[in-house]
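In structure tokens, one chain follows: the form predicted alone.
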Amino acid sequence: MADNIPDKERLDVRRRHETANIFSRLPATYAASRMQGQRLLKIGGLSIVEWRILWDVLEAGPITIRDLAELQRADHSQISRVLPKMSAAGWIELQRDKNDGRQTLISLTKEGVAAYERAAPIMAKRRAAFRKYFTEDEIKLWLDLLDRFDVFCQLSVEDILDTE
């Protein structure tokens, strides 16, 4: 029956369907969020990954690469790739963990704190602008739903295929 619908109508039907498809919207939303963050951080001279590392090390450091990756829900290798550049820029120091020599500890230098402080007001304005669009209760609900979605995404293929 759908073959009898003119192409524009079929496309509109498909658009409405995809608008309600969380799985197809999340990558585009993530990409838009990253692009916005990158444009803002360009003013502060940082990448998203550099910003997140500086912020997290400032708040939680010194920290191992493994703990940083877990904290950021990021791939260990993505973080590891940017650390030499950040070290060369003088923003961080990398040292062997005295308790576990297999681990590398990341700590901030004075230059790293200064780089963070240049970007922090810009990113604070982003969070403030976000709060103009969403109430604290909406943000909490959104985070609760993301937590549940994370749990769902951890289901095995067998669990998903075995639902009846």
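For clarity, every value in this text was computed on a predicted model and none was experimentally measured. Numbering starts at 1 and runs along the sequence shown.
The discussion below concerns the form predicted in complex with another copy of the chain, not included here.
Another copy of the chain in the predicted bound form is not approached by Asp100, whose heavy atoms all lie more than 4.5 angstroms from it. In the predicted bound form, another copy of the chain sits beyond 4.5 Å of every heavy atom of Gln95. At a distance threshold of 4.5 angstroms between non-hydrogen atoms, Ala115 is out of contact with another copy of the chain in the predicted bound form.
Using a 4.5 angstroms threshold between heavy atoms, Val82 stays clear of another copy of the chain in the predicted bound form. Residues Ala32, Ser33, Gln36, Arg39, Leu40, Ile43, Arg52 are the ones in 32-52 with at least one heavy atom within 4.5 Å of another copy of the chain in the predicted bound form, listed in sequence order.
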